[in-house]
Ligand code: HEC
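Have a look below at one chain only, the form predicted on its own, in structure tokens format.
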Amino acid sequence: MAVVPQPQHEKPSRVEEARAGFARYKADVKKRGKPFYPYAMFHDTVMSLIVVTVILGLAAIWKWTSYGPHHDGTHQGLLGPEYTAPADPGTTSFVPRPDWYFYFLFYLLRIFKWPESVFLGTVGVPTIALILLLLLPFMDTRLERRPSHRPVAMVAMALTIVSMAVLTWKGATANEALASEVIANVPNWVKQEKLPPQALPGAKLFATAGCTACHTYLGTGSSNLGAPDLTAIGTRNLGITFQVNHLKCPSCVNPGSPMPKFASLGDTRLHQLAVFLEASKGPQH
């Protein structure tokens, strides 16, 4: 007696599984639920409008209650003053730090601190992580959602949480003064530039006053807003007087300069900086 072979059923493709799952979802919604659109979307829209309205209301209260009788913006309103004392670019004691939820990015920038790699810390890594997050729903279309059956997703989630936690902790406990890292380079500056002893106070001030936030000096710092490298600024022989006047009011000497005024440093410190800049002739071999 001949045995009749039984037809073998082919395993449905991922596309067919997705279509079948969507059909089941639509049937289930039609039977006992409401579709996401427009019901859930309407609720999200209303809640978003409420949140934005609250934010605008708080902003209006903060603005108009701090206006004060003298309209100077320093009056203590219900939510605090509009603004406090102007920022002093000549300070050597204030150390800017981000809000706590940016600590992980803050420390990421300390890892990629060299000018050639700072792009990775500011744009590269965060953008790649965001793109992967946006692509995740399209990459993972399986119906299985039990954690024990999703080892890759669970490991990736755990690594992400641990990485964020470690970077946040490291950012919160990092050395307060970034200037401490810059000032450690001062002996190297003195050696390579063969700076005279009278230029040393200015070199230390250059490291602690935040000058390397915009300028570079022998590879230290970062170039922002077109700020020039000052490694060999002394070869231009601009003179002490010019340097002091430029530091006091950059836009007065160089119209249109975005550099802030450093007059608050005082004449003595400005003179020290000027001596250092004039002594900077580039590496001396």
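Bear in mind that the values here come from a model prediction, so they are computed numbers and not experimental data. Each residue number is its position in the shown sequence, starting from 1.
As for the form predicted in complex with the ligand, it is not shown, yet the points below apply to it.
Between the ligand and the residues Pro38, Pro258, Gly239, Gly219, the one pair within 4.5 Å by heavy atoms in the model of the complex involves Pro258. Heavy atoms within 4.5 Å of the ligand in the model of the complex are found in one stretch of 46-54, 26-34, 59-67, 241-249, which is 241-249. Taking non-hydrogen atoms only, His215 approaches the ligand to within 4.5 angstroms in the model of the complex. Not displayed here, the ligand is kept clear of Ala203 by more than 4.5 Å at the level of heavy atoms in the model of the complex.
Taking the partner from elsewhere, Val275 is found to have every heavy atom lying beyond 4.5 Å of the ligand in the model of the complex. A residue is said to contact a partner when one of its heavy atoms sits within 4.5 Å of a partner heavy atom; Leu108 fails this definition for the ligand in the model of the complex, lying far away.
Contacts of stretch 222-238 with the ligand in the model of the complex, defined by any heavy atom lying within 4.5 Å, are made by Leu225, Gly226, Ala227, Pro228, Leu230, Ile233, Arg236, Leu238, listed in sequence order.
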